[in-house]
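Here we start with a single chain on its own, the form predicted alone, put down as structure tokens.
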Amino acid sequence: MESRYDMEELKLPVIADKTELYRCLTEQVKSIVGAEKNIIANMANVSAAIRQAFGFLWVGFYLCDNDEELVLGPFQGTVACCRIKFGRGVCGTAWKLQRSVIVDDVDKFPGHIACSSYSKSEIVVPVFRNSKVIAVLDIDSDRLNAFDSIDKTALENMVKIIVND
């Protein structure tokens, strides 16, 4: 596997099931992140890699700005909401619960924050450092029921890589 300095593009299998695609992507994320300690740089590259691999509508991070709200971080996709209150929407709920949240149909999620009318389903994965949520990974799809336990497990493992303690 290339080091993070000479990786120019992802090398993904053309035909693969989701589990295999995540396995391949995770190995490349490890290489991309490498020894990079800057979490913003890591979040930026991981957002791009996930979006490129799966073609999701929106992939990005919201950072814990204080104990009351998240602020928009590195992302790939259309413009997004800049701030989300603790416990509000899917992102704020995942932060409050300190666990991943999968929403099969965002129109049925109470208090969903619609940054894009094209978003149909969503997964949000908390990013922990020293047992504290420091950010959330937010992914939106333009398809209903786009996320499942395979996504949850793979993305939870992937966000551990970017923290790079």
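Since the model is a prediction, treat every value here as computed from it, not as a measurement. Numbering starts at 1 and runs along the sequence shown.
Keep in mind that the form predicted in complex with a small molecule is missing from the display, and what follows is about it.
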query	finding
Triple contact flag I84, G89 and E122 to the small molecule in the model of the complex, non-hydrogen atom at 4.5 angstroms	yes
The unique member of H112, K30, R51, R99 whose heavy atoms fall within 4.5 Å of the small molecule in the model of the complex	H112
Answer range among 30 to 38, 112 to 120, 125 to 133, 43 to 51 for contact with the small molecule, defined in the model of the complex as heavy atoms within 4.5 Å	112 to 120
Contact label in the model of the complex: A80 to the small molecule, heavy atom within 4.5 Å	yes
The small molecule contact at W58 in the model of the complex, heavy atom, 4.5 Å	yes
